[in-house]
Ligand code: TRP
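Below you will find one chain, with nothing else, as structure tokens; this is the form predicted on its own, and questions on how it binds or moves follow later.
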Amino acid sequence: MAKKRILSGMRPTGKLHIGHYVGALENWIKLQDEYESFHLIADYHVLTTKLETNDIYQDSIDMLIDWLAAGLDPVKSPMFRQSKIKEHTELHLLFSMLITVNRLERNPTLKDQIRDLNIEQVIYGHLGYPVLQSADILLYKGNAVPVGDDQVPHIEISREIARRFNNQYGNVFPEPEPLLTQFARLPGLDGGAKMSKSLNNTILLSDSPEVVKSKLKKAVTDPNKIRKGDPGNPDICLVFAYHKKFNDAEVQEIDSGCRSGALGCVDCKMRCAAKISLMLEPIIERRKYYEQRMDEVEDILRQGEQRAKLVAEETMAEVRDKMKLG
């Protein structure tokens, strides 16, 4: 029996942080043995919020290197740029005929982005972001999409579009299911809802142990725990949230030490920094390998794009046939 297929992607914003790893990459790496996986560098999606394109290629390469360093296998999982597979734009155009403006305006993820980015005027491309995302997924006939809960509304739009196309023209597309990520979100070092490079509250996958220590020293903790000996509340401490992910074996000890006051915040942060750096060590080593072999990285990208192109062309031939477009 053939494996089911998944499509995952990220907008290329350069080097990735541990929030990307926890929220997506770690899950992708596990899933690549269970599913036939396609991984999209969503460079067109960058344009929905940023028109400057000078950095897109380098940001794409930096992100690809982090994918490889984290453990994505290019043999199992082709990795490719959205802009190199023109069928994405063709299917996006056709799908845009199958959904109303009112439906897109009800998308809660769009409302959150408008609020978070202080967007005053929504561009057409941003409103249609989920339609392009639907084309990304359905072009490869994705059965499932690994996402955080904030992206579930987009997957529902993909399901609606697939259903509408199939009803109108004949069955081509599966209705993709969301595969929810366990740790969908990691809080930022400033205590914000999530890590974001634009907020400068991240730990990068490429950060050295010294940098990790320096960043964690400034991390927000329980404001009522001022010095060692003061009892603290780990439930409101973001460093404790990191311990739960990267230092599971010592969580109970950290919890009781914080609440009793026996464990000071500096010691707590340094223990956490050590565990994060231990996790990052093999990723950083593999990153160095790829940074010294850029020809290999570019070849991986080219091969991934060739493999993706074959699947995309096959799907679009089927779509044109069903629509009687010749």
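Counting begins at 1, following the sequence as shown. All of these numbers come straight from a predicted model, not from anything done at the bench.
Same protein, other form: the form predicted in complex with the named molecule, not shown, and the subject of what follows.
Exactly one of the stretches 134 to 142, 202 to 210, 222 to 230, 246 to 254 approaches the named molecule in the predicted bound form with heavy atoms within 4.5 Å, and it is 134 to 142. The partner is absent here, but in the predicted bound form a heavy atom of A42, alone among I284, L263, I29, A42, sits within 4.5 Å of the named molecule. A heavy atom within 4.5 Å of the named molecule in the predicted bound form is found for exactly one of N107, Q151, S77, T181: Q151. At the 4.5 Å threshold, heavy atoms of M10 reach the named molecule in the predicted bound form. Using a 4.5 angstroms limit between non-hydrogen atoms, Y129 touches the named molecule in the predicted bound form.
Mapping the unseen interface onto this chain, V147 counts among the residues with a heavy atom inside 4.5 Å of the named molecule in the predicted bound form.
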